[in-house]
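Below sits a lone chain in structure tokens, taken as the form predicted alone.
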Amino acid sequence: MASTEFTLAELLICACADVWRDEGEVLATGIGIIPRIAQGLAKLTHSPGLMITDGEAFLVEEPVVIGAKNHDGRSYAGYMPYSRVFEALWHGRRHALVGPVQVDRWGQANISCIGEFSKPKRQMLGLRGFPGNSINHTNSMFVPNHGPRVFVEKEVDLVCSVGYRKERWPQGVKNDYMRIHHIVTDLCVMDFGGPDHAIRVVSLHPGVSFEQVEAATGFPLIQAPDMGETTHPTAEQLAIIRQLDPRDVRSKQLKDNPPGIRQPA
């Protein structure tokens, strides 16, 4: 049964967990506190076939709780060193939930720098593993601050991960494993189900209007035919979230820890 008392962070954890629904036996990687709790929630509810790791070199059947000490009472299901991670992702057997700094209308993402690469206004992480990961397996995105500085009007300042812009794909490059599944933000959930992979809004978080999402996005959006309200967390999901995050670290991830049901603007 859905609950009426939950925070926005808890709503986002449940929405992020849903990106792995029906994905089968793939390696789920949630980057950041909310995505990490979400992968554990997915594993313990609708997607028990997911493979998850302890964040180091081992597969686990029980998600590691936030704040747990290394190897504290932990049982392992298998060995998962870096080499085996690459074996999984090179065959498309991974679905990562990543946190880009910029995203454009084609789903291309940037985590490297703001401004020109040769003289950036702000330097960030660098390209890291984005190029190889994005071309080899499914990715979803988590954006906790939906705004036009993230969802930019033109192309991202530096294309770190591939998207659906045809001009960026050299002739003959294989893209069988490339897929961008969902984008979960603090305003809505989106996918790439429109014409030519145009971004659609598939659900709005409680109290958010489509017009609000449009105003916070630098490019046009489409409403999915069945666009509705993001599903509220159930009592079972909230209990699991509290089990996975007993120190309530999730409450520090969004400014002022807003409620999940917001008053319409």
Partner chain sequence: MSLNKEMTAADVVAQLRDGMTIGIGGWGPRRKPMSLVREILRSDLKDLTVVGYGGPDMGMLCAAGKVKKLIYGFVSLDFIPLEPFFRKAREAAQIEAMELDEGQLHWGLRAAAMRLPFLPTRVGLATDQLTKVNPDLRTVTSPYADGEVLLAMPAIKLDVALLHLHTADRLGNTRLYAPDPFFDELFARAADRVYVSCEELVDRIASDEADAQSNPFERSLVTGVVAARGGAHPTSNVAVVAKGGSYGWDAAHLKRYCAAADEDGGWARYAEEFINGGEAAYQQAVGGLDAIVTLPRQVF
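Keep in mind that this is a model prediction, so the values were computed, not measured. Numbering follows the first chain given and starts at 1.
Beyond the structure shown, there is the form predicted together with its partner chain, which is absent from this document and is the topic of what follows.
S.K.: Decide if the three candidate residues Glu56, Gly132 and Gly172 all line its partner chain in the predicted complex, where lining means a heavy atom within 4.5 Å.
M.R.: The answer is yes; Glu56, Gly132 and Gly172 each reach its partner chain.
S.K.: Name the single residue among Ile222, Met227, Ala68, Ala239 that comes within 4.5 Å of its partner chain in the predicted complex, judging by heavy atoms.
M.R.: Exactly one listed residue reaches within 4.5 Å, namely Ala68.
S.K.: I'd like to check something about Gln123: if you look in the predicted complex, is any of its heavy atoms closer than or equal to 4.5 Å to a heavy atom of its partner chain?
M.R.: The answer is yes: Gln123 has a heavy atom within 4.5 Å of its partner chain.
S.K.: Even though its partner chain is not shown here, does Arg74 get within 4.5 Å of it in the predicted complex, heavy atoms only?
M.R.: It does: once its partner chain is placed as it appears in the predicted complex, Arg74 has a heavy atom within 4.5 Å of it.
S.K.: Would Ala88 count as touching its partner chain in the predicted complex under a 4.5 Å heavy atom rule?
M.R.: Close contact is absent here: in the predicted complex, Ala88 is far from its partner chain, nothing within 4.5 Å, heavy atoms only.
S.K.: Report yes if any heavy atom of Asp186 sits within 4.5 Å of a heavy atom of its partner chain in the predicted complex; otherwise report no.
M.R.: Asp186: no contact with its partner chain in the predicted complex.
S.K.: Which one, 95-103, 152-160, 191-199, 137-145, holds residues whose non-hydrogen atoms are within 4.5 Å of its partner chain in the predicted complex?
M.R.: Careful reading of the contacts points to 152-160.
S.K.: Note that its partner chain is not shown here; using its position in the predicted complex, name the residues of 219-258 with a heavy atom within 4.5 Å of it, in sequence order.
M.R.: Counting only heavy atoms within 4.5 Å of its partner chain in the predicted complex, no residue of 219-258 makes contact.
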